[in-house]
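Quick setup: one chain, the form predicted on its own, written in structure tokens, and binding and motion questions come after.
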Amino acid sequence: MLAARTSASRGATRLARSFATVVDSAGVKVASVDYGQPTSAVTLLVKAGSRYQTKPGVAHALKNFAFRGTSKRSALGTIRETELYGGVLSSSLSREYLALTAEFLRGDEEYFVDLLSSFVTSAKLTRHEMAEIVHPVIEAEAASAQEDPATRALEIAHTLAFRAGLGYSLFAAPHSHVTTEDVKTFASSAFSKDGIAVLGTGIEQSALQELVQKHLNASQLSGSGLKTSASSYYGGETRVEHGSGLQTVFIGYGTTTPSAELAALSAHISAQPSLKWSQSTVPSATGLTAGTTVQSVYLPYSDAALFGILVQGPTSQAVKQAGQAAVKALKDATGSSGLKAEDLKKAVAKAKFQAASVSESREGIFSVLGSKVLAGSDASVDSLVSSLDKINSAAFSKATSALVKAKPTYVAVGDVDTLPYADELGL
């Protein structure tokens, strides 16, 4: 057991140290890590998230144009060739970034780097693809998001918290009026040298850099880049009727200064037990009834962060009881006395584990460290963990007390006639 732990620790250290940021001759940031896995992956990260969109839903539409027709191959050609290589393609959208990812067998990297590069250099973005493929997918994803009370609560919470920018929805309206011209205009600005980073796992950094130089023609990345105003936090309260799923409330606060202290607070509030099928000992888990959950939420962005507690349960009464316990735990942790030394130590350790565990999956590496690569900052697991090591009682109390002094963001989704109001939970 000790040998296994030592091996895992060394593996994580090797991963953290080998993940570095460079700028190739074309001016595009490239970063990669290779620790001998049999498969490889490359992600093209574009600063084209929903906060930058020039029209509601245009970022969502661009995401669904991924892997469609380009000047090099048709959508059908992309599918057939990818299947021949045994690869997997995917795209995702966050509030700050569009991510296009190819996963494949080691040795096939040249084809997939070329495939990813062709989207940002020669995507056709045709009208028939919009009508036949993109719009139906947009409507399906938007409808699915509307049906999920947790997703709906978080979308509304962002709008209340930040209004514009980070407040813009990840999803287009079910019957979006985004046109191909809207998408082309948005893409032409987003596809710029300063707005793109290439990230790899299972591939040597020098090899990935050479492929980017070969296939990502910098002269075709003529976009000016997308701009957005600095985030401001507002807060507010709203209630939305929802006829299916769990009763849901979100209790949150926003800030324009993301910090390691808030990550530790999120870890402290989380009611997830350390042992499966057991009851967590944290205060927010007090009196939870069967089927009721309390999840902490910490979403850091480049110039802001949203911290909160998502409470879900089968009945409004169960949600009210759990919400009251969660709010009390939050107030106790952020009050004048702050956390006890032992509780702060546990919270920091839990937050460090969560930060370090990004090295266990490609998705974690790309989502957490990718933005650091694009920003040109230290992109390593060590940098995430070391910031948590610096937390002390004074810094924790200062950051968390300032957070909860702001106006809260409160969203209730479900049976609005019986779900509690914010003041009924102690806010």
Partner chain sequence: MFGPLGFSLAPSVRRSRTLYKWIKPIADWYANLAGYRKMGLKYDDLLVEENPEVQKALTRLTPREAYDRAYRFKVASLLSVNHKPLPKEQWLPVSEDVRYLKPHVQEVVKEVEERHTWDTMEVRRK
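Just so it is clear, the structure is predicted and the values come from calculations on it, not from any experiment. Residue numbers count along the first chain shown, from 1.
Quick note: we don't show the form predicted together with its partner chain, though the next part is all about it.
The stretch from 75 to 83, 279 to 287, 338 to 346, 238 to 246 that comes within 4.5 Å of its partner chain in the predicted complex, counting heavy atoms only, is 75 to 83.
In the predicted complex, its partner chain lies farther than 4.5 Å from every heavy atom of E147. In the predicted complex, its partner chain sits within 4.5 Å of a heavy atom belonging to H128.
Heavy atoms of E132 reach within 4.5 Å of its partner chain in the predicted complex, making it an interface residue.
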